[in-house]
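In the block that follows, a single chain appears as structure tokens, in the form predicted alone.
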């Protein structure tokens, strides 16, 4: 950072508060000074500082996207773009401050790490507070660390090569916002031929009110390697808007496989404007498993670029929109390689006036001969005041392709409820069983404990509306 940049920083941007625990935040709003302050906090190299400033310029020049629900209730002047607890990242749960540790223990993170995970990263607001990877996984050459350590350490060149190349700041306004103020997140590199037998997980908790979380996840699965990565998200409910505008970039090299599973349980004051994208090379396989159960408004459309010949992608997702929620979700598949294939299986549930919109896009390039794509979306409406829409788009530029789309909408039948009640099951339990059965294509793709978490979230949504 040069002398002029240092002089430009307004020290009044600092804001220390002390309520349940000490934390540090940069004041609300988005200016050149706030971006420079974040860059200084992160000890960015010069290229990243310049990248942030260019992203800010792009953000200011772009309009809000028109392809999703209204986000008029979101005012960036009221959002703190950087908040961190007054603690450094720890390598042991025992060293994490007690109040933060208690939050993650209630979410079951330490137990999951002990029983079924190869490594865990836990982010609280804008920074990781805990990170650990099992010795046997590290011995295989697997790199799993926080983004800042990768950026300023041994993997700086790799970060610079891949960072926001799949999701450039010019992509849309919130990608540019992310490029300007990103903080935290995970960096993963799996070497050639290495198969990680048990999952890695990152968990993101946005705990501060009126704040944004902008974590960046960068995963590179090298040739012939195999990885399952799990991401969990949650936040407490406040009476003012919070914002999540993270970014996920996934690189799946030749003959590799990556499964990326997400369970999002944001609070209903959250604007979830996340961007996720994968690039899949020859004979490689990408699998998305997604469960979305929170937020006031969502824009969420994981995108896969099937670049390599015979590459394949599957997307399996479920969305639950309750009272006051407008969730605009779906998936995009871009076929450019020959004999590529993709399959989308999307489920949505609407209740108590919730709005669920499925938005898909299939693009098959002129040279993507032999491509196959199938889309299956189903909606379950639990009352007569909710809404469900399907907005598919297909752009096929070759005659040598096989593309199909099927959409279904339905409700829980009175006959099914009566049958289960006649077997001694209460009406509420009967409804929960039917909805859980509807969601089973997603839950069966998750590890057992995460499937149980998802079913519990469905049960809570049914009880609370």
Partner chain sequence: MENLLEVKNLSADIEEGRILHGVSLSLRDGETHVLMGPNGAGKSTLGHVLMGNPVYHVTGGQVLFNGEDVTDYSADKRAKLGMFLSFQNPLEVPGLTLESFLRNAIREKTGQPLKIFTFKKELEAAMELLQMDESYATRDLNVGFSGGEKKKAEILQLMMLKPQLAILDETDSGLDVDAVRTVSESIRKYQQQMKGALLIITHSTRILESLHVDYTHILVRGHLVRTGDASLVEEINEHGFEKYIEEEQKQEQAAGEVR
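Numbering follows the first chain given and starts at 1. Only a predicted model underlies this, so the values are computations on that prediction, with no experimental measurement involved.
Although not depicted, the form predicted together with the partner chain is the subject of the following passage.
Stretch-level contact analysis of 436-444, 392-400, 58-66, 36-44 against the partner chain in the predicted complex, using heavy atoms and a 4.5 Å limit, identifies 436-444.
This chain is drawn without the partner chain; in the predicted complex, the residue among 421, 412, 409, 53 with a heavy atom within 4.5 Å of it is 421.
In the predicted complex, at least one heavy atom of residue 426 sits within 4.5 Å of a heavy atom of the partner chain.
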